[in-house]
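Here's a solo chain for you in structure tokens, the form predicted alone.
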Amino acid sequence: MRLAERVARLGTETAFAVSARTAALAAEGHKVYYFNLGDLNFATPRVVVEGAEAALAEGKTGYCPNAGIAELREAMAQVTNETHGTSYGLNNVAIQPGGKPVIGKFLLSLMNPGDEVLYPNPGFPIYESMIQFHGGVAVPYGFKEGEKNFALDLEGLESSITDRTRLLILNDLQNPTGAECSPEELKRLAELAVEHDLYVLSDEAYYDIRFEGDSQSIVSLPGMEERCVILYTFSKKFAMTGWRVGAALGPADVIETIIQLNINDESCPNHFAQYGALAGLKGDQSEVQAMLAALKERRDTAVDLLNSMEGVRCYRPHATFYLYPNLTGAMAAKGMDYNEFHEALLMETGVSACTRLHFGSELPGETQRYLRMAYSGIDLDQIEEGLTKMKAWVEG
């Protein structure tokens, strides 16, 4: 069979391959500590479950409007207006089967073949995959270690803009680094978007996974509401990764195109799951707050243990549930490259993590070495046990 040429450009999310390898080891009886995948081991809040159960009981199991149910679209617009200072209405919202489909539909709506798209690297690997699969040119921009967190390489980003650049993908509160844009960085990005007539995908999957301070959005800056599409997902805040409910919010003409893509791709979002999401938005938030408190405790424990290891340093990000420790010294002491260190860490200690290479190829000039460690799916006692074993191995 001769597959379409575009298939050769289709990437993947290799963190799932790490999960498969880890699961196989666990099935063989090995003790494993799951820092590898950004899933959540918290129950979906009861208010969400009850909302979906009530919808099921009422027969909400057939087709629904292609854009999603009006009640959820209106609630999404209202909540976003309150947090972002936007002026969205129902026509600015298209419900999606998760957050990830927003990436492809944003590109299909706004990118022509040959257009250049700026995307973060290290970053969520589906950005690059979808850009290339749909015929665009993926142009990476990177990050630098700052005083308290990673900072955008704004100079590198700006120098990459050409007369073919059309789109910018921004994942503030970032996977995998936990990086958070400063107000100055957001302001400069907005200026560049206006100056070069760029449309922006603002991936805000982790906007509500926050432990200190307040999240900010580029959409809130002057001139950006009309040139941004927000990627929203219920997966993180409401521990709904398997429910597959998300949303695209943006200019009405772009959202209308995304709705048309809904019709072509999946007809409509899951009917009854949307009522669960609606109940989550409007209902009691105590379980969400309890989850955030538990995640913060996990973060602090993991950061402290990582920073106690020789040859390791780690920021304490204010948002997301990822850590991106620098292990350059530890890897050099072991005389190992990424793949050797990753495999030895798993086999010698049971700690399963991802490396920087799971989030894009290294950029020219990179000399530092990193792991990405998710603490969303591992309990506090297992964090302590696993990282204590890792410390003994790193320093042994």
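We number the residues from 1 along the sequence you see. Every value quoted in this text rests on a predicted model; they were computed, and no experiment measured them.
The same protein also exists as the form predicted together with a small molecule; that form is not shown, yet it is the one meant from here on.
K.L.:
Spot the stretch among 159 to 167, 199 to 207, 220 to 228, 137 to 145 with residues whose non-hydrogen atoms come within 4.5 Å of the small molecule in the model of the complex.
P.N.:
Result for this chain: 199 to 207.
K.L.:
Residue 269 versus the small molecule, in the model of the complex: is there a non-hydrogen atom within 4.5 Å?
P.N.:
No, residue 269 stays farther than 4.5 Å from the small molecule in the model of the complex.
K.L.:
Looking at the partner-bound form in the model of the complex, is residue 233 within 4.5 Å of the small molecule by any heavy atom?
P.N.:
Because a heavy atom of residue 233 falls inside 4.5 Å of the small molecule in the model of the complex, the answer is yes.
K.L.:
Taking any heavy atom pair closer than or equal to 4.5 Å as contact, tell me whether residue 124 reaches the small molecule in the model of the complex.
P.N.:
Looking in the model of the complex, residue contacts with the small molecule include residue 124, since a heavy atom lies within 4.5 Å.
K.L.:
Is residue 100 near the small molecule? Define near as a heavy atom within 4.5 Å, in the model of the complex.
P.N.:
Yes.
K.L.:
If the cut-off is 4.5 angstroms on heavy atoms, which of these, 275, 119, 238, 322, is the one near the small molecule in the model of the complex?
P.N.:
None of the others qualify; the residue that does is 322.
K.L.:
Looking at 188, 316, 244, 296, which is the one with a non-hydrogen atom within 4.5 Å of the small molecule in the model of the complex?
P.N.:
Of the candidates 188, 316, 244, 296, 244 is the one lying within 4.5 Å of the small molecule in the model of the complex.
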